[in-house]
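Shown next as structure tokens: one chain only, the form predicted on its own.
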């Protein structure tokens, strides 16, 4: 049986999972919550964690090298996307590295942290939200809005966890290239998509041109030169 520690409210499932990982809890252990008061997003942002969403951190101990962490991130996105398509009846896209989208709106986000040989996979899925704060309305959606149905969060939690573990097993047994291929097939963002990339030095506009062997995104700039994007901040270019 999988160990799931469930909280009505917690500051951050990531923080609690980190404590449990450092005490040696087994792979597959989950910390989940109805509400997070200090949910973590990428690049130090907060993740809006109100009632209605599914918020959890999964502790994984995959047999991979630390250098494979970017590909683990892709595998996590695949696992979440597969589970939602199979069990929630939505058709999704993956925006590199691992945002799960319906159309261009975000349905689920994933944060990956490496801690002393364990991977903390923070997963947030918008399940039951009927409305979003104004600043998120254009960019976020939920299973309730997309399917007009209610979804059992505990069922989804277990389905996503099982799907994530199966993608990690593919990485362990078949290697990095297998996951890169699966991701390229599942994501409209990997190749031929015009995007803007937010970098510390400014915004670059270009067209995606595949993945590097390490799992990073290649973008061909307007002048034909190529750059490798190693962290998120990729958005569709609004045809300007």
Partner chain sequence: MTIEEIRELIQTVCSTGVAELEVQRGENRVWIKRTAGVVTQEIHVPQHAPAASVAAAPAPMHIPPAPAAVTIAAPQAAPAPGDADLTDPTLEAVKSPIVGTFYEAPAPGADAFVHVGDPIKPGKVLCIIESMKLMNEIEAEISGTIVKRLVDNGQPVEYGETLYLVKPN
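Positions refer to the first chain, counted from 1. These numbers come from a predicted model, not from an experiment.
Unshown form predicted together with its partner chain; subsequent notes refer to it.
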Original post:
So in the model of the complex, does residue 230 come within 4.5 Å of its partner chain, heavy atom to heavy atom?
Top reply: yes
**OP:** Tell me, yes or no, whether residue 27 is in contact with its partner chain in the model of the complex, where a contact means a heavy atom of each within 4.5 Å.
**Re:** no
Original post:
Quick one: is residue 115 in contact with its partner chain in the model of the complex, heavy atoms, 4.5 Å cut-off?
Top reply: yes
Original post:
Is residue 38 close enough to touch its partner chain in the model of the complex, meaning at least one heavy atom pair within 4.5 Å?
Top reply: no
**OP:** Could you tell me which stretch in 167 to 175, 186 to 194, 52 to 60, 65 to 73 has residues with non-hydrogen atoms within 4.5 Å of its partner chain in the model of the complex?
**Re:** 65 to 73
**OP:** Quick one: name the residues from 178 to 201 with any non-hydrogen atom within 4.5 angstroms of its partner chain in the model of the complex.
**Re:** 199, 200, 201
